[in-house]
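Below sits a lone chain in structure tokens, taken as the form predicted alone.
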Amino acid sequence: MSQTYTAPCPHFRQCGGCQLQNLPYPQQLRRKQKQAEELLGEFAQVLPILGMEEPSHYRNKVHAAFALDGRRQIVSGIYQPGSHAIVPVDNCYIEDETADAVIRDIRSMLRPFKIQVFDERSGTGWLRHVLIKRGFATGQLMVVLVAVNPIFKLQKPFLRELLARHPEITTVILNKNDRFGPVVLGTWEKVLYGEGYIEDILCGHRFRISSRSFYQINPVQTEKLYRCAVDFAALKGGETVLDAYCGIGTIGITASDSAKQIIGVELNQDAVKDAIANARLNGLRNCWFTAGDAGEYMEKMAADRMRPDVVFLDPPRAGSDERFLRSLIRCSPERVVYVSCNPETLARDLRVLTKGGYAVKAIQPVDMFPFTNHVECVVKLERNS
């Protein structure tokens, strides 16, 4: 007689962040494999998904919203899907445990230091969110306090107490966000302690991570993802490589040891600053990064008859845009390596590329987000003769 499986997290039914916690992990992997095959099997055989040995507490980026509950008690946790109601969470099954401990301690310190949390109904209060980023390889930890204004009363004693409780914290940032909406961070920020960034090590390279730049949240699986992408690129050492939607330069820098030149383009200017700093940090002279729209940049390359040998693209969930894909086809690189976090938009974009003269040679799904519906895929495409 089979036993009923119980989700390991007590918040599973309320939170909505982990849609698959009611399934044992091997069953989750089978479900994601089937999803990838159904959406992408028309292009090529889908390789077996790469899962995790220990699929818990993998998130190196943790965000907690703060508010008052019905009894005027301070709570912190996760927004319920489609609402601004907060599910109080002290320990999340997929979040870094150190980050959760820091958030709990910050919450316990608010009343003694006379810090009010922001109340959306009355428009009063100060603290809205806390964002934590942690370098798993380095142990460095960033705390971002997101508030409605930059006036931080009792700042020095608060930081002294927080750092005494958590000496592993290497930087603290105050971020101002006085706008309503789903965006956590505002554009104004001030470094209160440390350098204003942390560093981590990925695929043998060191990376600087700022508060607003994108960095993959699961470093264990990111190593597998990027090594697969570089393997699919089949670099020999003499290639010019375009790293589109490059973020802080992680894929391009990972590939830089095997290429002649890396050109990275990214819309987020904070991420580009980090990418340039990361190239310097690793002593690389063959990497060049610029801020701009990937579609516009690829269109200009096509107009100037510049032809990269290999293109990496790692777009957001919405996928790439038609201008980028059409310009890529005009540039006609030998190989394209597409890293996708959404197999549905990936399938749409692969139809454009295969009609434009490319053949899909390999599809590798990677489980970057255990216990959720999401599945990442790396696709290798080659130009038809």
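All residue numbers refer to positions in the sequence shown, first residue = 1. Because the structure is predicted, anything quoted here is derived from the model rather than measured.
One more form of this protein, predicted in complex with a small molecule, exists but is not displayed; see below.
The candidate stretches are 190-198, 232-240, 156-164, 286-294, and the one lying within 4.5 Å of the small molecule in the predicted bound form by heavy atoms is 286-294. Contact check for 226, 246 and 315: all three have a heavy atom within 4.5 Å of the small molecule in the predicted bound form. For the residues 87, 302, 267, 148, the 4.5 Å heavy atom test against the small molecule in the predicted bound form is passed only by 267.
This chain lacks the partner; the member of 76, 216, 140, 221 within 4.5 angstroms of the small molecule in the predicted bound form by a non-hydrogen atom is 216. Within this chain, residue 251 lines the site of the small molecule in the predicted bound form, having a heavy atom no more than 4.5 Å away.
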